[in-house]
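Only one chain is shown below, in structure tokens, and it's the form predicted on its own.
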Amino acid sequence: MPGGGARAAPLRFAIDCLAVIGAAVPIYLLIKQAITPDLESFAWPPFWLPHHLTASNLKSVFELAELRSALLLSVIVAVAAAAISTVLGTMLAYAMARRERLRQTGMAGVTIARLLPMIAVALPLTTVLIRAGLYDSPTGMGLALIHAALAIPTTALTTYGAFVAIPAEQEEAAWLDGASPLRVFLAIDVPQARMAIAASLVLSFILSWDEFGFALLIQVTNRTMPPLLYYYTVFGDVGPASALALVMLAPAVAVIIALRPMLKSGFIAAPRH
């Protein structure tokens, strides 16, 4: 109907406004709790506007040794996990894009890995890490390896469409000129898929940054930020917990900014056949 789009526009606008409000209110309350004393956070009736401002909660994030070490360990684990998963997931995606049999097997494996409840393999993986000497490691390398394994399916699915879109004729021309398969992959495929690879790197970082279950189970004393945030919340330290949550929120904002041009250009959209 000619007027259907015009009549639907106000409804879409209202839905968009509700979605923005639903996302903005929790963030606003988080910021409010981080910059106000705990008494205001527990006041009844609640204060929707801050009455007294304080920077003590934000300072505690960087002044307490436990918080600083958790922040540093989270960065190390997330960077290592993102690097490992991006390299392996990109190679898997390229193999699936170029080999039909590998495509079917790889897609089945990726799907199973995404559907498998992680708690089912948590204890066996913990046993393996204990025997390997990587359990509760000060460097967090055991946790980084697990996070990388969790992120490989996401990386493969994110970069798969980009490799499918690259014409095979370009690779064949390079082979005729004497280029090795590795050189073809690095010089032709990777540059053209760089946006999708960058997106997978960011997504893998965030997956590791926010992961809670394995971090709680594996890093018992050398904690990363999600378990530490959990402990602060459980023991009622609302102000420091909110400040810590704000620090953890920063990478999520960076993801939105980084992925916006990629989403617009369709680099990580599903391929068309």
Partner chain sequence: MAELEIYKLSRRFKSGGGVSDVSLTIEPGRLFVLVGPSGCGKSTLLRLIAGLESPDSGEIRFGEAGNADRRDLIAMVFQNYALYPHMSAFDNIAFALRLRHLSRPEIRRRVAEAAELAALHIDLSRRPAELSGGERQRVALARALVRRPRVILMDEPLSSLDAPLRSHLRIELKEFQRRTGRTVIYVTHDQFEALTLADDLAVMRAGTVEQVGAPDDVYQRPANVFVATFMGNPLMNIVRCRLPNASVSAPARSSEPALEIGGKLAMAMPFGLSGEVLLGIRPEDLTYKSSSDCAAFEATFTRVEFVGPGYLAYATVAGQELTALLDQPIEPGRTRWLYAPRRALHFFDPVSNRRIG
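Residue numbers count along the first chain shown, from 1. A quick note: this is a predicted structure, and the numbers were derived from the prediction, not measured.
Another form exists, predicted in complex with the partner chain; not displayed. Remarks below refer to it.
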Indicate whether the partner chain has at least one heavy atom within 4.5 Å of a heavy atom of L72 in the predicted complex.
-> no
Evaluate Q192 for contact with the partner chain in the predicted complex, applying a 4.5 angstroms cut-off between non-hydrogen atoms, and reply yes or no.
-> yes
Do M141 and the partner chain come within 4.5 Å of each other in the predicted complex, heavy atoms counted?
-> no
Applying a 4.5 Å heavy atom distance criterion, does I76 contact the partner chain in the predicted complex?
-> no
Any residue of 173-189 with a heavy atom within 4.5 Å of the partner chain in the predicted complex counts; write them all down in order.
-> A173, A174, W175, L176, D177, G178, A179, R183, A187, I188
